[in-house]
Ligand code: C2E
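Only one chain is shown below, in structure tokens, and it's the form predicted alone.
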């Protein structure tokens, strides 16, 4: 694959240009230009020539390419600066989506420094035990009882206080720190759940980076064994991105986990392009209908129709349906009328520290909300 990419790159630059492989799947092209436009045109041309499918023996492979562009000049007149700026621009190009080219700008340097600082702080937080788990209840809409909780990661930052994962998960995934952080979450969630009644499950979110890690399944089994928690009380939540990346290997891992009794749920269901096809490929135990469909529930016929269709799909496949983001009585009444099995949202409880879960487990959904 790497040789095939190198051949295409070399065949589409000028004779005096230099093409080099920096390592892994990163290549560099040294190209003399007269203006920025020339560099951008070259980048788009190389993206176009690298992206078509490759026939490698009996296998057809499709890849994409992102490009970071740096120009030599004042403030960037040595090799190290040029490569560093190109790498920074490449990071931004990847962030904008597949097949993009991005020209380095000085402001990107500030962003890169902030990202490196965040990475260092995450490493320190892991060593200093600065992470905590909060739990949000999952409520059965028929009985009103709490049947489980979802573990939600929080970071107790020395200066910024309690930080939500939206601020750091992306960096954790890009740097691979999500693997040790994810192991900590699994172990802590299983330990906490072991102290709760046997009827209460705990749901843990897992990213694509974690799932494709070679030792992921073993880390799950070790966490359960160390806590003495039965597999049937653990629920792994994934999003579509898990199955978009290295699908067969990820499906194999999910099947292995499910074969031991661990439940598998698809989070944010309905927001991607391939949700329905994944329901055919893997027997999910639960689908969590995204809060975006619930926001207008009880207010517009379209919102109710979408929820009805998703619930009907889950019922026909024998899959439990849970609706996220329930914040009002009107939303609760609407999703209950459509036959949803479970709910999660601030109407019942916000996420709370582990020490407050016991009190919530004895509560029930108010009769007037039924």
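Everything numeric here is computed off the predicted structure, so don't read it as measured data. Numbering follows the first chain given and starts at 1.
One more form of this protein exists, namely the form predicted together with this ligand; it is left out here, but the text below deals with it.
Contact check in the model of the complex: 140, 196 and 321 versus this ligand, with a cutoff of 4.5 Å between any heavy atoms. Do all three pass?
No: no residue has a heavy atom within 4.5 Å of the partner.
Determine whether any heavy atom of residue 100 comes within 4.5 Å of a heavy atom of this ligand in the model of the complex, and answer yes or no.
Flag for residue 100 set to no.
Applying a 4.5 Å heavy atom distance criterion, does residue 26 contact this ligand in the model of the complex?
Residue 26: no, not in contact with this ligand in the model of the complex.
Contact between residue 166 and this ligand in the model of the complex at 4.5 Å, heavy atoms?
Yes, residue 166 sits close enough to this ligand in the model of the complex that at least one of its heavy atoms falls within 4.5 Å.
Just to confirm, residue 281 within 4.5 Å of this ligand in the model of the complex by heavy atoms?
Residue 281 lies outside the contact set for this ligand.
Identify which of 206, 224, 86, 257 has a heavy atom within 4.5 Å of this ligand in the model of the complex; exactly one of them does.
Only one listed residue qualifies here, and that residue is 206.
Between 267, 235, 121, 192, only one gets a heavy atom within 4.5 angstroms of this ligand in the model of the complex; which residue is that?
Looking at the other structure, the residue within range turns out to be 267.
Of 104-112, 227-235, 145-153, 211-219, which is the one stretch near this ligand in the model of the complex, taking non-hydrogen atoms within 4.5 angstroms as near?
In short, 145-153.
At 4.5 Å, heavy atom to heavy atom, what parts of 180-195 sit next to this ligand in the model of the complex? List them in sequence order, or say none.
If the 4.5 Å heavy-atom criterion is applied to this ligand in the model of the complex, 180-195 yields only 185.
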